[in-house]
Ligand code: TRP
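Consider the single chain below, provided in structure tokens and representing the form predicted alone.
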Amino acid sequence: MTELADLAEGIRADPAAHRVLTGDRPTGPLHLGHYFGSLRNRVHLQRLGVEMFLVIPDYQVITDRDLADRLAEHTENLVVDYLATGIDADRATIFTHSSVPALNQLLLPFLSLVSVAELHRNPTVKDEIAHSSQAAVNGLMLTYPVHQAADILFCKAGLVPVGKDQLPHLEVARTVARRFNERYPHPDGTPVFPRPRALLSAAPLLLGTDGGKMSKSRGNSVPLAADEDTTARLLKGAKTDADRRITYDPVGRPEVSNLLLLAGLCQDRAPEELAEEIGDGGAAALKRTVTEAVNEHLRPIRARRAELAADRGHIRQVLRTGSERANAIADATLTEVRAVMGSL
């Protein structure tokens, strides 16, 4: 049995034994890449009975920009998106990084376990630096993966749903957990932290409309909150190629294949089947198919989103409740960390 199959079997056998930590930076609206890459999987895991922690890492907004623009608005809109896509706030812990002070106290001993060279080598950090809007890279950018390690390990999460591009960050968390356990075990030798494992979705990396990685900061995404006309306009501008015959070939025709995959995910169909149906219809027929599939799939989510967005008091209460839960767990973990380190 493969590692992935073994993990899936373990979740199905005893979902309550697993704890998931995941989240999104509040830098703008969530998009289709987030939804199929992680959000839908989070909902599925929660419905299975897995304990879910959703961090909104607001401090990390200023890793690649000088100002945290519209931070409160973006934070609340993230919660709206979470709930609209099916997250149950009564069973999930949804909180902001800044509301849990112990997270930043955990960051300091964690930083002592990672070398400067390792921080510089992280490929995800390199990519973020390349697309940063800052004139100079700040220190927070290099420590970004260790911040994420603190977010993951404070609640001793064993599972982290991620896209392929985030695997290097998760590896930092695994390294931090291993080195901390080796250096500071409990007196009986038991480890303090689990080594979190990745949960890759069926679509670990969707391309944006320009053929690059779909990203809020790169202006190539389709937001979940977009209306149907805006969605149609964005998808109409998606990059394809000159070959009129539509085929599913992720290596040779990545942009066309990405659109087929997106439609297939929305309709729960194989992209090869859709390609066969479209045939010689060309890019125009492909984009019509994708647009109809996306709008149909998102219609109930958008309706629910509109209801939730109208009640900001409820959204803020969700955050307050989640922050209270997260603080209690983080304080207990910090106390444990201080004890094994021999701190006061």
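Predicted model, so just to flag it, every value in this text is computed and none were measured. Residue numbers run from 1 along the displayed sequence.
Omitted here: the form predicted in complex with the ligand. The next part is about that form.
With the partner omitted here, the residue from 162, 119, 87, 111 that has a non-hydrogen atom within 4.5 angstroms of the ligand in the predicted complex is 162. With the partner omitted here, the residue from 180, 144, 82, 154 that has a non-hydrogen atom within 4.5 angstroms of the ligand in the predicted complex is 144.
Proximity of residue 60 to the ligand in the predicted complex: non-hydrogen atoms within 4.5 Å are present. Contact check for residue 77: every heavy atom lies farther than 4.5 Å from the ligand in the predicted complex. Taking non-hydrogen atoms only, residue 21 approaches the ligand to within 4.5 angstroms in the predicted complex. Proximity of residue 148 to the ligand in the predicted complex falls within the 4.5 Å heavy atom cutoff. Of the candidate stretches 23-31, 285-293, 314-322, 43-51, only 23-31 has residues with heavy atoms within 4.5 Å of the ligand in the predicted complex.
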